[in-house]
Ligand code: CXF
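Shown next as structure tokens: one chain only, the form predicted on its own.
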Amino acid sequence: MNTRAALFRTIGAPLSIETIALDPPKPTEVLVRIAAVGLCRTDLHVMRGERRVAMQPMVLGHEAAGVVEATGPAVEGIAPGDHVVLTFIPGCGVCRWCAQGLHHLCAEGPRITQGPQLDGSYRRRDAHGEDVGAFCMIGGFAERTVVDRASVIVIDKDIPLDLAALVACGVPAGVGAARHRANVKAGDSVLVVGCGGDGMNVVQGARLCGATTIIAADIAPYKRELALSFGATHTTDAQGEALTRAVHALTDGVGVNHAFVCIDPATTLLPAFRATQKAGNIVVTAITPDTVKQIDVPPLELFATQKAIMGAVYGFMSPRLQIPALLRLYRAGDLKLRELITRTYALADINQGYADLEAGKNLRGVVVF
């Protein structure tokens, strides 16, 4: 069949809205009609050339939800009509990590920037017959996509699909970082640096964990204001050494138990590190451009303060477990999803959506079909 999609062709250029050919699903694959897809900053890094992918053209988009239209003959437990969330790291089910229930560490994860399907072949072609890749093996910036069953999670049909898309990436990344990576405890203090798609959800996660001091740091006034409604107790626009001083002033000179670096780790990690108390945790949820090879933290300072610096992808928990749990929290009224969406866009307006993200206008923009 043919489907409209937004193709990444050239670094620094707008995405190109084109009609491409989409092959039917192979035995272990699923055809999904995309209902909504979030405009995540990770795709913007690809468009800028800051996160390299192995091929062009490629359909970007990985924070997606939709409705199953067809399945391959080897697919079980997924049927036409099912509502699904797509996971940007597949859970192959057979590697050493998946066997332990650690699907966020799946051995196939490093292949998500390559372009082919999980089986190594392609399902998309442009008007010239050239193979088109799928970012994260999803290619969500399209009316329809074909993905392996390893990337599909069936959800309840009462969840609005524009909200379900958010739990494909940004929400578990942030909430999970607080709950599963840092293991924030009741009464803890938390610093969140960068209150965008990840950071605002760290604020939510810290609130769910019972943190009593949640400091939201962002240069955008409206994001600081929003952070208060998501659970922050204090906000600041301080950066660099001023951020460290501001946090110490709010914590009697001790620092926070946990700091989360959710924007530009190259410049924000060291101030966040120094704003964290001895034996505290610093969790990095943001990615850096490929050109950034190191972040300066004095080794003696790391040794003497006994702090832990750690990364968190997918909130450091299997999306197959975490996504249904997050949707239960939403249904119970304990997790904000609708409030995360600043604006919705048509596929034809996707480049405006990313311009709005770059301009700091959006917490989360969502393309709705």
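Residue positions are given as counts along the sequence shown, with the first one as 1. The model shown is predicted, which means the values in this text are computed figures rather than measured ones.
Keep in mind the form predicted together with the ligand is missing from the figure; the text below concerns it.
Each of Cys40, His62 and Phe135 places at least one heavy atom within 4.5 Å of the ligand in the predicted complex. Considering the ligand in the predicted complex, the lone stretch of 315-323, 23-31, 40-48, 330-338 in range is 40-48 [heavy atom distance within 4.5 Å]. Though the partner is left out of this view, Ile287 does reach within 4.5 Å of the ligand in the predicted complex, counting heavy atoms only. Although the partner is absent here, Phe88 lies within 4.5 Å of the ligand in the predicted complex, judged by heavy atoms. Looking at Ile112, you'd find a heavy atom of it within 4.5 angstroms of the ligand in the predicted complex. For Cys169, a non-hydrogen atom is located within 4.5 Å of the ligand in the predicted complex, even though that partner is not displayed.
In the predicted complex, the ligand lies beyond 4.5 angstroms of every heavy atom of every residue of 339-369.
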